[in-house]
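Listed next as structure tokens is one chain, alone, in the form predicted alone.
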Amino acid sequence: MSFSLYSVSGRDFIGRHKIIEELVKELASKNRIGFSLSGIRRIGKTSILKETKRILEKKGITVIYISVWSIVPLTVDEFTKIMNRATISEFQKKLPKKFKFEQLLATGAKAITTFLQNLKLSSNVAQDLEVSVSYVRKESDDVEDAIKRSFSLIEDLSEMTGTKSILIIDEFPSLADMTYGTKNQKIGTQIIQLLRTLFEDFKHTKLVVSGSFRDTLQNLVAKERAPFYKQLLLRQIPPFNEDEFEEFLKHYLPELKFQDNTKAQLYKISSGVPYNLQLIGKEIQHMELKKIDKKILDKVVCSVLKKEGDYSFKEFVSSLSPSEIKVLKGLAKSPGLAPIEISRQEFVDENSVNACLNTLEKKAIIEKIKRGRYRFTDNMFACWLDQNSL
């Protein structure tokens, strides 16, 4: 069985039965309900979103998927271009005449109205395209109208074709970093607020968002002053449970034999994170192992961290403060240390340790076991930290 470090769907999609069932049922229903999915890095949010998209499309629902991280540079004109391209592509089969967004970009300003009329689109759809294309081509500087029309294009196409549609925005909190103009002015917060206002009135389109940084996503959807407060159902994506872990092993490593308590050790070291299991499984396959014990598993994990650790975690660490790194290294060396013990071991002021622990918990890097006791949400990250000097 081949392993993948990218999102998976279809027959290679494992577990997550309850959340997929809920997403599909609610998004396909007449209810005006959207979702916000949160979870630690590489927990499988994108795979869940893409599997949901695949199933919904089988039901005749149009799903537009956008990952904010794929938009480079994160500017209004680039976002508008990608949004429109994705929307037209997904509605292609339902439009009266096939065309691509690039055809609009290549059509002269004076000819675009005639071009759109010849496509036999509704007046709202034609206007959405004309306004947003004008902005992308720098023939207009009305940034708010361009964004509004880009989002409205989905709703207006849904109305024109008599279909339901879903807009999925992956890594939604990063929208706050969007800029516009030659001076790269920040406009992301206003766009998020505009999106909330638009979706209050949309009748044919539902919204699903996701994010890795728990506290940042909560500021957008969960807190009382958040733009999407009480607008979306909040769902936390947990690691694989033991049944899903067994399903993973049966699908990807059906012939592997475990000795002693090694299977439980694999579950613990991976933290049930699908990405970690893919990495470890790939290495087991590469080493052509047929059976595995704790000693061999330790070698496999060390090999994975040596090959992939820097790629997986180094950039992640660059976003942390020196004090946060010291606190994490203290926890990695001695799991379950109390704040006062971390302070003494890492030579960091106790108040600073407590502040770091609070911030790291909000970032979902660690979680509280009980008062004054924390653990990593990803044990592979803990192992990598313990093995590297930063």
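Residue numbers here begin at 1 and follow the sequence given. The structure presented is a predicted model; accordingly, all values stated were derived computationally and were not measured.
Missing here is the form predicted in complex with a small molecule; even so, the following discussion is about that form.
- Message: Which is the contacting stretch out of 81 to 89, 187 to 195, 100 to 108, 247 to 255, given heavy atoms within 4.5 Å of the small molecule in the predicted complex?
- Response: Residues of 247 to 255 come within 4.5 Å of the partner.
- Partner contact for Val8 in the predicted complex: the small molecule, 4.5 angstroms, heavy atom: Answer yes; at least one heavy atom of Val8 falls within 4.5 Å of the small molecule in the predicted complex.
- Query: Even though the small molecule is not shown here, does Lys45 get within 4.5 Å of it in the predicted complex, heavy atoms only?
  - Reply: Residue-level check for Lys45: yes, a contact with the small molecule.
- Query: How about Ala382: is it within 4.5 Å of the small molecule in the predicted complex, going by heavy atoms?
  - Reply: No, Ala382 is distant from the partner.
- Query: Any of the heavy atoms of Ile14 lying within 4.5 Å of the small molecule in the predicted complex?
  - Reply: Result yes; Ile14 sits at the interface with the small molecule in the predicted complex.
- Message: If the cut-off is 4.5 angstroms on heavy atoms, which of these, Leu27, Leu328, Ile342, Ile40, is the one near the small molecule in the predicted complex?
- Response: Checked against the cut-off, the match is Ile40.
- Counting non-hydrogen atoms within 4.5 angstroms of the small molecule in the predicted complex, say which of Ser152, Gln278, Ser271, Ser134 makes the cut. Only one option qualifies, and that one is Gln278.
- Message: Between the small molecule and Ser4, Glu171 and Phe240, in the predicted complex, does every residue show a non-hydrogen atom at 4.5 Å or closer?
- Response: Yes.
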